[in-house]
Structure formats: structure tokens, C-alpha cells
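In C-alpha cells, the next block holds one chain alone, the form predicted on its own.
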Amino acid sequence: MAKVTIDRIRKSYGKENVLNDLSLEIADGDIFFLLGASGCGKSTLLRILAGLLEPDAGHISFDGEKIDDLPPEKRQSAMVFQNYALWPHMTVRENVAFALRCAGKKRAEIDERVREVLSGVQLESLADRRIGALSGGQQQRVALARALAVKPKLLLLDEPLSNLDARLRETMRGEIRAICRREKLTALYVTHDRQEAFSIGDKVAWMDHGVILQEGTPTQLYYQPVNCACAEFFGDVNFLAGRRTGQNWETPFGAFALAGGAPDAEVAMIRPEMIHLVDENMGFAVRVVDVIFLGENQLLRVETEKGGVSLTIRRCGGVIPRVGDRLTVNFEAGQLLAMAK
């Protein structure tokens, strides 16, 4: 494990600034996620940490020691690439042993470590199989085993699940988290998939145009986003126009208690699952304008009877309303957050 400090890293390609004085600290043993749209600088930062790219300015430290001048093989970091980057002419065993051979390890030590990591990713029985004979999930685990073989202080993962189908991605999320915990790894994981970040990550940072706009736990970024763009990036959200009066948010269909937020807020937000069906006279009236069935839950698009404000509600189970039905709903207490756009 290692505490990782990224201090004012800058990187440009020609006139394009990819990373702009980016600073970040990853606690010892944390699984830290970087999220953002394509082109925001996530993978560039990962490659700088791995030593595959040189920054224009800034410093990187592991446990307080700068590693800026160290080549990739001396950094005690290991990277799992999006396309896995496995050697197709080698067996599983040979792929995992490759970095250990390059490091000059003795044959007996290599064999023992390869057996250990293949057991950890449940691939012992496939050790002598060629890469082309493996499924996508098995190849992903080989890439992970190869990274673990060198006992890195920092594990770097560049969208490692993006080539897998949805069901297999869910399975591999749990496996990656379990492996990181078992191996006591500090990990930096780059993705644009918020479900990966929420299900695996201890901390999450949202990047845009080369800077960190917000970081915190998954629940903090989901329920307390810094602005509307962050709120939309991390899931379905309702924005309510109105004005703040003390601790309430005034709308055309009623006044509602705020959980907090900016004093000069322009809108208030609430997640769809925090709007509930209630008894008549305990909320405000809405009319259903659309129903989207998603299996384990439903999304209801509704309009308020007063003011014509559109809202999205997420429900799990129960009788599914129909378009045109009139319902009474209310906001869950403490979930309405005022914010600037």
C-alpha cells in the first residue's frame, strides 16, 4: 500500500491543456476512482503516474518520496489497460511471469508468485492455456494477475471492464474490490461508469477539462453535488426552479424544507427515488405523463397540477400507475438541496 500525493500536475499537447495544475491525495489502502467524460484527462493522469508519460510540471510522491525521475519499472506501480495488453503467443502462466522475469527474479520465486496470484484470481486450472482461448472475463483476470504479480504499491486501472458485457461487469466489480482488499492495495481506477465507481470505490473524484471539480465518498457526490452538471453526471435528478426563503424552497406548488445548500441558489435538486407516493392531503397532486418499466424499478414522469412542473419519480415494486393517473406525492425530508447552476 502507499499514500499517493499528486501535486499541481500539468500536461499539454500543443496548445491543448489536458491537465491544469491538478492536485489529489489518495489515502493508503483506498480504492480511488476518477470519473469524467471522454477527453477530460483521466487516462493521461494514469499514464503519468505509471511513468509512461512525462508531465510538463508538478510532482508525484509515494509515501512522501518523490518518484518523478523513476522509470516505470522502478515506481512500484502496475497498470491494467483497457485492452488488457496481453501477449497472445504466450500462455496465461507466461504472461503473468513476464514482468517478474524482466525484474530478474529467480525461477523458483517466479513460479511461486505466479501460482499465488493465479489462485487469487481463480485461474490456476487455465495456467497453460493460450490467451486467445480465454473469455473476456478470463483475459481481464489474467491482466489483473499480471499486475498483482509484482506486488505493486499502487494499482492503476484504465477502464478495465469496458470490453465486458453488463452481467460480467457486475461480477468483476466485486472480484476487483475483493482482490484489492485481500492484497491490501492502494488503487486508482479510471472510468466513465458511475456504477463501477459507486460499487467499488472508497473515494471518487469528478474531473472536467483537466481539473478536479469535486471529490468525496460516492454518497457525497450523489447526494451533495457541487453544481447541476455534477448532479446530472451522477444520476437522474430533478431540478426545481423557485427561490430560497430562509430554510425553505418556494415553488408554484408549495414550500418545502431544504437540507441546505448555497444561500444564493438558483435551483433546488432532488433524486427521483426521494419522491414518494403519499396519502391525499399529505403532499401535492401530480398527473402521470409517462411510465418507463425497468424491471426492478419504474420511472414515472409526472407533472404537477399547479405550475406544470415536470418531475421524475423512481419506484420499486407496487402497482404500476398508468399514463393519466392522478397521484399525490411528496419529497423525502432532508433531501431537497439548493445549489447554483
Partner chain sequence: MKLRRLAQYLLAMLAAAFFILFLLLPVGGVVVHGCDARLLAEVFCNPVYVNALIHSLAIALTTTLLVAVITLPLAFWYDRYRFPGRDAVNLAMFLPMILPPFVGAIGFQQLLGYYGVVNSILAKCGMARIDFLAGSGSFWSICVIEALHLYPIFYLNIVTSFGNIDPNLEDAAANLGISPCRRFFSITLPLLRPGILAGGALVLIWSFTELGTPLMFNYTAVTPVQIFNGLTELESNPVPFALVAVTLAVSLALYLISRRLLAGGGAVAGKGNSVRTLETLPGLRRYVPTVAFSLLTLLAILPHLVLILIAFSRVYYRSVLPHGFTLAHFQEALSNALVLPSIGNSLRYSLIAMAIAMAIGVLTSLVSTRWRLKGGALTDFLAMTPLAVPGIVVAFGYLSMSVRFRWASAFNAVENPLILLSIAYAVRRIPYVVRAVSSGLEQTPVELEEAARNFGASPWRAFSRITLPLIFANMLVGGLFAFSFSMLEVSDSLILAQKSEFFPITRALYELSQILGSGNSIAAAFGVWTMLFLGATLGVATTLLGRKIGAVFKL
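Just so we're clear, the structure is a prediction, and the values are computed from it rather than from any experiment. Positions refer to the first chain, counted from 1.
One more form of this protein should be noted, the form predicted in complex with the partner chain, which is absent from this view; the next part is about it.
Based on heavy atom distances of at most 4.5 Å to the partner chain in the model of the complex, which listed stretch, 255-263, 142-150, 203-211, 231-239, is the contact stretch?
-> Partner-contacting stretch among the options: 142-150.
Contact residue in the model of the complex, from V309, I67, L277, A50 (heavy atom within 4.5 Å of the partner chain) | None of the other options qualify; the answer is A50.
Residue (of A99, I110, V226, L123) lying close to the partner chain in the model of the complex, criterion heavy atoms within 4.5 Å | Of the listed residues, the single hit is A99.
May I ask you to state whether A78 is within 4.5 Å of the partner chain in the model of the complex, using heavy atom distances?
-> Within the cut-off, so yes.
May I ask you to state whether L86 is within 4.5 Å of the partner chain in the model of the complex, using heavy atom distances?
-> Looking in the model of the complex, residue contacts with the partner chain include L86, since a heavy atom lies within 4.5 Å.
The partner chain contact at E54 in the model of the complex, heavy atom, 4.5 Å = The answer is yes: E54 has a heavy atom within 4.5 Å of the partner chain.
Any chance A133 has a heavy atom within 4.5 Å of the partner chain in the model of the complex?
-> Because no heavy atom of A133 falls inside 4.5 Å of the partner chain in the model of the complex, the answer is no.
Sequence-ordered residues of 158-175 touching the partner chain in the model of the complex, heavy atom within 4.5 Å | Read in sequence order, no residue approaches the partner chain (within 4.5 Å, in the model of the complex).
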